[in-house]
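There is one chain below, alone, in structure tokens, taken in the form predicted on its own.
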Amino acid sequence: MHTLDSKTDVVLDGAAEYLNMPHSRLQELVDKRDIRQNWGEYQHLFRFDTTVAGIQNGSVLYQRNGNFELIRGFPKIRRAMLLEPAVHNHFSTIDSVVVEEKMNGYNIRVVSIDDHPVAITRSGYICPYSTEKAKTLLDASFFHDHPDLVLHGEMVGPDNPYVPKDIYDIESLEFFVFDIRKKGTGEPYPIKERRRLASEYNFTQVHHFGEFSTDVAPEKIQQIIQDLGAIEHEGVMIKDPEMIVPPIKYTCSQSNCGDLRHAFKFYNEVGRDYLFSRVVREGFQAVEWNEGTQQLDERCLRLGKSIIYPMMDTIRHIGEGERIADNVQIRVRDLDTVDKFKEYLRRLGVDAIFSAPKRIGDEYLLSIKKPNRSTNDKTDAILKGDLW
């Protein structure tokens, strides 16, 4: 098998047998760069850019002591649009479901590679910032005791370079475990076993609202969603206690509108499917909850404000000669992590301007400005007379 990067001696000999696919098929994936090699200290890791033969995109393959190991990508989680029919139809083979909170942050898998915890993004990249945080936040003995397991979780908090949130009363950044799965197969732990194991190592876990019969679950979830929406949290995950039937997700109106508020600030960067799907969710939820005129008017006002106000702010700022940008921040212990994160963003094609580090105790705080060139340029052109 050819190397992915001729400058290295990392090869995929034996990978076809491990993945149970023909050599020709694996070679085709390599040649088309559907399987890509990481860089730097993790150049022996290969990520899947596409789903193939039941292996999700974002999966990572690597060699350890001459043997291959596979870390499967995040499984696709489908969304309930109407609670009652979705719960009854999707979970028709079981009697009860577990409801846990869906956090508003970014997904990370943490796994032991070369006897060190490493944080892998949804797309299969090794994020140096998340890796440093994982080493700080998680008990490393877990990976020594369970080298065959993968922690799935959400990085949440204000010191977040992807989805910064101040709604959880978190000072910097926390890792909330929501799943534990086995390497290779991706088989998940049942919820009770997962929560017991995570508790044993004092991991922070997503909130557990309870286990409900499928008959009463939709009503219970609606009340949970209303309570979460009132504090601007995202929503819930609805799960089979044994994790045999795949989970589904359901979100609050306030979360949908929060997403739109951020997206319409950078309206020319965000895909139309992202925007449209969140508006559609509002319609289905309003119908299922049989909202009266006052509630419906409040929903419409909330939705409209989340679209118009951020766009107006963007247009006005650019009209006044400003350049809009996404402003985030990170907090690190080691300044070497900053250099690695800069290189990481550069390779992903993300424009980022880093401030000088500010010492806070034994850490460094840095702000990052991410210019949104497409929205800036499009708005500026329209203000000068260009047509849509």
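In this text, residue numbers run from 1 along the sequence as written. This is a predicted model, so every value here is computed, not measured.
Unshown form predicted in complex with a small molecule; subsequent notes refer to it.
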- Task: Answer yes if any heavy atom of residue 103 is within 4.5 Å of a heavy atom of the small molecule in the predicted complex; otherwise answer no.
- Result: yes
- Determine whether any heavy atom of residue 261 comes within 4.5 Å of a heavy atom of the small molecule in the predicted complex, and answer yes or no. no
- Message: My question is simply whether residue 75 lines the interface with the small molecule in the predicted complex - judged by any non-hydrogen atom within 4.5 Å.
- Response: yes
- Does residue 239 reach the small molecule in the predicted complex, with heavy atoms at most 4.5 Å apart? yes
- Please state whether every one of the three residues 154, 206 and 249 places a non-hydrogen atom within 4.5 angstroms of the small molecule in the predicted complex. yes
- Only one of 284-292, 67-75, 125-133, 211-219 sits within 4.5 Å of the small molecule in the predicted complex by heavy atom distance, namely 67-75
- Message: Quick check on this chain: which one of 144, 79, 305, 196 has a heavy atom within 4.5 Å of the small molecule in the predicted complex?
- Response: 79
- Message: If the cut-off is 4.5 angstroms on heavy atoms, which of these, 96, 107, 268, 277, is the one near the small molecule in the predicted complex?
- Response: 107
